[in-house]
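Two forms, one protein chain; structure tokens for each follow separately as structure 1 and structure 2.
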Structure 1
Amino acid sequence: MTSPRLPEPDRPWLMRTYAGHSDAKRSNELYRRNLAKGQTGLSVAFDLPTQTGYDPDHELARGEVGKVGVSIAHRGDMATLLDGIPLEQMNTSMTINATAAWLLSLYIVAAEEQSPPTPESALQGTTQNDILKEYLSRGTYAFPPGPSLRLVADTIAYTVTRIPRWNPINICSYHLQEAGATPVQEIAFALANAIAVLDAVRDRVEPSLMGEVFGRISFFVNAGVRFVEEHAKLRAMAALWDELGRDRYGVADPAQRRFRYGVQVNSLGLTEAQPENNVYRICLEALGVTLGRDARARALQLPAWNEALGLPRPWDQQWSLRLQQILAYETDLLEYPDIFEGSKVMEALVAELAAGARAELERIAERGGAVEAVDYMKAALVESQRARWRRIESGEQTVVGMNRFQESEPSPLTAGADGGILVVDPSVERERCDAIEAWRAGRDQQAVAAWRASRDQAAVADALEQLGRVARDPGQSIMPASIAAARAGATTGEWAQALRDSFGEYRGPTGIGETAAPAGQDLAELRDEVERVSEALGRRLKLLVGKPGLDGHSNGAEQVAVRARDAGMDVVYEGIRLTPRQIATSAAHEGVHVVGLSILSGSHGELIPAVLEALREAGAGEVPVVVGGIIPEADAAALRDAGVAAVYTPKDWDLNRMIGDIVALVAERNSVPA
């Protein structure tokens, strides 16, 4: 009898923990510490202005400089970030997309300027560089889809020939599920995205290099709590990827057609209510991507139990890491060959998902491919998210602790002074934090200004002009001109502006216009009330839903906007990334009765008061404002003191109830009797 075991247990996957850090100098210190411990990998998170191509002194950068990552405005910043780190030994992973070509250029220039210099051919690392999911979910795009995809193709073509150990792109389906994608949508949209990229690269490299290009593409996937189906999803993706390589791109080497992926498990389904339950969800999700050997993740990253409360503390992250270690080192998971081989259920599930994905890929192809189908896919995701939310509200989909089994003993996990998340003392420390923030933002602004003043202006102007010329000629690669601009000392904002001038400013689709307006019996009462108040006001109740700043979390704003429309309101929603002034001008021009702002990124302390101020300046100071998002209770109190009428967080998951509140608020402010 043959043994059911592998001769040798498998090596575990790569265990990742998410570490946030904010400025170049501090990041550099962290890297050096890790280096001393023998680590050879760097993972760089950039702040939102750097990700979207704005300098720290741009209006839209307000409140965001250095927040979710490091601010890199020019080659000087990149040099500081990498100071004393021997780059030929480093494997550097950069979470960068719209401005990937630029940050890669800065990295190349920093390497050649180090002593001793490292030639570009010796560099190794990864740029995320997946632009299409930015339009569909993550929100840090800068240029229109067509030209953006060309930038992606340029970086791939450049690295594949000149930086052979660089992974130029990591296609992300993770963010799609976070925006509401069903398993079929997650597979199909990610593969459609890959096809668009590969087709674009095919025009730019020697045909003999396509196998190499194909083999270089890796994925970043999600895994939800329905873990059996999620496992099947991965097997289906692997099969479709293999097929795509063979049939569409003629990749002969099976090794180059291997589906390589890393995973971050689902965070959207993690709840604010009874947050301890999230640990079980995370565990099951981790099982889904490790259980079957044939589709096991290469790398795994887990969120923490307090995901929906705010940022995790080191202890919370440790707890999640321990989960991975138990899976890998205590269980017998790694001792077997693929345990689903021959399973009829698994086979049928994979076949079902693959068939669904093929049909969806067909629909995208009919639209001319992923670039042309951005609007379609975005609308489809909003629609899926809407359907999911309806199922949760109606009770058809159970979320334990949230819409079912709500009764709970008081949780000791959130009983501590910090409420169970990474926070500074709400009153005193908050102010100090703000001050440091302001100082840092101010310093960064001065730093950029000083940098601009110190360099050879004529050389910069020439480089930017040349960059613009290259951008307008799709036959040329953006990389050499970007590297030249980096050397000349251009800033991130200048590089992006030159491209914005060439490609046009772009605003992503909101996806909400196409959502179905269901007949929904449960809405009848709400509609009657909207109708009654509108009648009394003399015109239809009008709501502006606004997303100030660079925060890309749009799910909440989209669902609130759609539901308000379904309840009978006129709803103005202009998408993400608006300045306080833009929001205030819209509110004033549109004559809205109420403004609803949504912020999840943590910049509410800065941006909400800015919007209130801008509203007063625009002559709309009397319009009531409500706020929703990830707002810790201490901050909520401060916002209410500043004049915000109400604050909502994920525990307010009943949309109808919130909309009802908003109607009542408008009625009250306009003296409409109840």
Structure 2
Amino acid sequence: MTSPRLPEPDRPWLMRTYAGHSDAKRSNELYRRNLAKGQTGLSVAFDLPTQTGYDPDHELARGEVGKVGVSIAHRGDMATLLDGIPLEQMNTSMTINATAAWLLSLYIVAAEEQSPPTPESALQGTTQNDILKEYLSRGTYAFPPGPSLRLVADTIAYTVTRIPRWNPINICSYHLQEAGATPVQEIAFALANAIAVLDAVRDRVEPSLMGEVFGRISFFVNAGVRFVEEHAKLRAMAALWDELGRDRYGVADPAQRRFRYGVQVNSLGLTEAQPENNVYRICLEALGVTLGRDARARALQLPAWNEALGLPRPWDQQWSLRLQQILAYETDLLEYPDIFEGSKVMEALVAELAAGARAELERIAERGGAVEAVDYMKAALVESQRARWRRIESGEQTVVGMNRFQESEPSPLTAGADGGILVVDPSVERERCDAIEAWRAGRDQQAVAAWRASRDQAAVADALEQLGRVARDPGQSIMPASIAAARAGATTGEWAQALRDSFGEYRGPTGIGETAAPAGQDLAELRDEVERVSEALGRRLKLLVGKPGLDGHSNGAEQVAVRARDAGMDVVYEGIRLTPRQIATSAAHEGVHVVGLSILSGSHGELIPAVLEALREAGAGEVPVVVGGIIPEADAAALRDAGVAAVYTPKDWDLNRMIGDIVALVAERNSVPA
């Protein structure tokens, strides 16, 4: 019998590691090392100020510069980041959304200034450029939804006509699953997002180009550890995407309707407890998007084993890359046709997921589409996350090493002085603030020597004025004005401020709603204790949940706020992106009994002391503060020494116990007898 192998093995997927930290020079060195190890594409991580449109010296950038990615403030930074990397050959993915039009402009200008220059028509890569999911999950939005969608559409229209090998958007369901989405919600919310984007682009291109537009839309999806279900999810997405292109947009060419996607596998399920187990989780998740040929990813980046602890080091990223290379080059999974073809189990699961997604899409359509349904989708994700967490707490859902099989030997992987993670040098922020000041003043001599010309102040002023005029005219594309501003030497913060002046500011929905959880025995006991302490206090126990800085990963804060409210507390939660002064003012004005702060970006060492100082200045210095986030034990000890009452990390997964601790803390500080 002849083996049903492919005539030629399927080609390997594009292999990336999501990387970038500190400044452009350090990140460029990291990229060169990764490429030398066999990585076949770049995946650029930007820091939070760059993602949200602030320069390194802005008040909101404090503590965030270079922490979760590289700081890019102007064309000189972008040129340094890409120095020595031939852009006519490189496939570069940029995880950037609110400021995607700006970072693409900087990339175009950097390519022009390389020697030899690379014209924009030769560039290849991807801008994530998916703003709607930012209101639902990651929180790195900068402008209101309507104008933001216009920026997305402008970028797509520009690249379709000018940069033929560029993928102008990744419809990004990855972060929806990180925020708690079920497979049905991940499919439906991503496709509703795509419909909103395509409808916006349809108004900005010739009708004859819609097939080309549809064919240039790619997706960035998540793959969890339930890899059979995850594979079925991707087959269902492919079928629904094909159906959408044919029926709604009249795309006749099957090649243009093909579902093209890249993946980073699930980080939500990675644990701080027994982090060595994460290696197995990552490998199994990778199988879900590589096993079946007809639904195989064409780009894959894997998190590192220690992402639940902090930033991975170069060695950790190498380990993840080697996992990909072993799958692609040592196993036989690329040698066969689709191994799920004809599977009754897979066909039934795909049909079930597709039917659920269609029903969810109808609910979103009834609310006016994805833009109008942002509040609905956000609340649905918070509720799904709450349900997931309750399953973990009850033991219905097993997480090995966390809620079951907790006995463990000390891990040699975390035994070093660095605790097993990369720690960004605190001096980076000061260096970046000095550098941006020098750039604005035209004093950056290194940039002058390396990148042809210094910042032209008059040209910058003219370019920003023109950018503002274009922004106020919805009939014009933002891209030419953005590229002109990049060439002149405008900064990320100046570009974004010009648009904020035109579009206005925006605060996204929190999604915590007013619904109450069903009262299990554990929650009933907690409610009784909240009632007892509240009666002794003479008013309802009140908690402020705050997120200082630019960290938009609000899942933990939302779940704490929801559980505290379910337990009977009054909860003040104003969402993300607050300054220490704003949090302190709110705490004093609301008369809260305790402040809970959440930071996952590694900026706790700078921002928590700033909040404590602001509370003292606001006359609320006696209010106890508890902190949650990805915080190494050495940092936790320093925070406690600074006056923080308690520190919680991902290993503290029992929310009821955490809320009980907070109630006991308030009782102790207010001399309420036990």
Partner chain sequence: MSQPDGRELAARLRDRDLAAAPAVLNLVETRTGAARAQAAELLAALSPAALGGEAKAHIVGVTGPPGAGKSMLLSQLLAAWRSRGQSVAVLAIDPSSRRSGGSLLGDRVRIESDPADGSVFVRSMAAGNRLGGLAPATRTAAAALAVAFDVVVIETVGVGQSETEVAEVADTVAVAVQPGAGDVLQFLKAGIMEVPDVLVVTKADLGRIAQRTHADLRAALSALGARETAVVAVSSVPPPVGFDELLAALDEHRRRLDLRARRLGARRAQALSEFATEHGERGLRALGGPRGAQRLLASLDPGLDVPALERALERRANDDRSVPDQPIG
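Start at 1 and count along the sequence of structure 1; that gives the residue numbers used here. Whichever C-alpha set is largest while still superposing within 1.5 Å between the two forms counts as the rigid core. What you are looking at is a predicted structure, and each value in this text was computed from that prediction instead of being measured.
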statement: Shown alone, the chain in the form predicted together with its partner chain appears as structure 1
message: For residue 461, does the CA position differ by 2 Å or more between structure 1 and structure 2 when the superposition is done on the rigid core?
response: yes
- prompt: Using the core for the fit, does the CA position of residue 45 change by 2 Å or more between structure 1 and structure 2?
  reply: yes
Exceeds or equals 2 Å, Cα of residue 219 between structure 1 and structure 2, core fit: no
query: What is the Cα shift of residue 105 between structure 1 and structure 2 once the core is superposed, in angstrom?
result: 3.7
field: C-alpha positional change at residue 75 between structure 1 and structure 2 - rigid core reference, Å
entry: 4.7
